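Heads up, the chain below is alone and in the form predicted alone; it's given as structure tokens.
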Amino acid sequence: MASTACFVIVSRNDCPIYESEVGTAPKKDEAAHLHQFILHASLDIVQDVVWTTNAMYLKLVDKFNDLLVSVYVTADTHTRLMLLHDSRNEDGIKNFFQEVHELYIKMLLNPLYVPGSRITSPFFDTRVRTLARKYL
């Protein structure tokens, strides 16, 4: 079964620093714009939910039709890892977020990476897609 999944990393300044369509459903140009719109609209909800919990994994914060938005917020830089998906696999999504967070920390430790700038590393992209296939 094909699944829809769009993953975005948003910096503390609300700038997307990484975007990827990681689902197995066929890619459509108009769907990509809709996914970005839904995730962008969810940022306000995330901002409110962050202040109500100490957890980094915020679980499901928003939904649009059959699409769900799950979020993980880093404690150190308040970076939001946002996943738009159509499946209800809480354990898989949590594991995906935790491993991508570790990968993001390794990116921050790279002396050539400027925190908050776009992530253009092909290794990072390949690893995120591999984790998405594994957990989502």
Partner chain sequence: MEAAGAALAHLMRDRFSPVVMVLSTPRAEESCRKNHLGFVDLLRPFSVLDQINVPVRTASEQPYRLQDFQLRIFNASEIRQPSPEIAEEHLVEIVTNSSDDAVGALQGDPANIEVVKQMAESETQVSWFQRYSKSFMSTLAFSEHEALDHPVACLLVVSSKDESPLSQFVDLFNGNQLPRLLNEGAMDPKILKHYVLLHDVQDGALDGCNEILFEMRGAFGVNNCGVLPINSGAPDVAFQLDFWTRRSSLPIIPSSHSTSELVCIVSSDVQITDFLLDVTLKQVIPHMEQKIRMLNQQVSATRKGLKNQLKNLWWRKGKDDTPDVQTGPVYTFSSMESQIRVLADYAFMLRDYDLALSNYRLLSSDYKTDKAWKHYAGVQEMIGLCLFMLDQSRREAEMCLDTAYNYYQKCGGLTAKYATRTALWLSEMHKARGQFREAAGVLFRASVEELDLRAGVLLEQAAYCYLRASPPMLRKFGFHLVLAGNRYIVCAQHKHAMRVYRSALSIFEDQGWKYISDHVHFHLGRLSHFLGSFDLAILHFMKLISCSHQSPTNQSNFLREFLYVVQNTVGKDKLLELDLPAVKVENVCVHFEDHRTYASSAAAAAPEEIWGPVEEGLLPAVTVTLHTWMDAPSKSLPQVKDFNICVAGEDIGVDVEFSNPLQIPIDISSICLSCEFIETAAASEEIDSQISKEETADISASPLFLPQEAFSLKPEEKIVVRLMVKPLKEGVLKVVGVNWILSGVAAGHRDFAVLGPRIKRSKSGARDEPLPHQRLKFHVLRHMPRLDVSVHELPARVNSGELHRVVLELYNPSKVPVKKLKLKSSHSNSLLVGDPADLDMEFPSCLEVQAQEGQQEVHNAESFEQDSSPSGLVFSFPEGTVLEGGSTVLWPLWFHASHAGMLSINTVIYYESDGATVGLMYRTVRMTHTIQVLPALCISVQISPSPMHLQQFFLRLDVENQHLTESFWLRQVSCAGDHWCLAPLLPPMVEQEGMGGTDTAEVRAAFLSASVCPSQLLPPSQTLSLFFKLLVAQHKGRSSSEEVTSNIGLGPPSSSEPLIDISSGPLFRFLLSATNPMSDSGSVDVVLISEQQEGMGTVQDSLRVGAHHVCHCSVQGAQPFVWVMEAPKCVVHDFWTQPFCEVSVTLTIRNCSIFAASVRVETLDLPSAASSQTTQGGWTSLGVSTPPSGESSKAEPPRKSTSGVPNTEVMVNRASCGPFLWCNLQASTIHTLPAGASAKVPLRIAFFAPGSYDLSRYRISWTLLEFEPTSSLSTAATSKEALGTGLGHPLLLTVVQSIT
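Positions refer to the first chain, counted from 1. Quick caveat, the model's predicted, so the values are computed rather than measured.
The same protein has a further form, the form predicted together with the partner chain, not shown here; the description that follows concerns it.
Peer 1: How about residue 36 - does it come within 4.5 Å of the partner chain in the predicted bound form, if we only consider non-hydrogen atoms?
Peer 2: Looking in the predicted bound form, residue contacts with the partner chain include residue 36, since a heavy atom lies within 4.5 Å.
Peer 1: Can residue 40 be called a contact residue for the partner chain in the predicted bound form at 4.5 Å between heavy atoms?
Peer 2: Residue-level check for residue 40: yes, a contact with the partner chain.
Peer 1: Quick one: does residue 48 come within 4.5 Å of the partner chain in the predicted bound form, counting heavy atoms only?
Peer 2: Within the cut-off, so yes.
Peer 1: Determine whether any heavy atom of residue 10 comes within 4.5 Å of a heavy atom of the partner chain in the predicted bound form, and answer yes or no.
Peer 2: Judged by the heavy-atom cut-off of 4.5 Å, residue 10 is in contact with the partner chain in the predicted bound form.
Peer 1: Spell it out for me: taking the partner chain in the predicted bound form, does every residue among 55, 90 and 104 have a heavy atom no farther than 4.5 Å from it?
Peer 2: Not a single residue of the candidate spot has a heavy atom within 4.5 Å of the partner chain in the predicted bound form.
Peer 1: Sequence order please: the residues of 110-127 with a heavy atom within 4.5 Å of the partner chain in the predicted bound form.
Peer 2: Stretch hits: a single one, 118.
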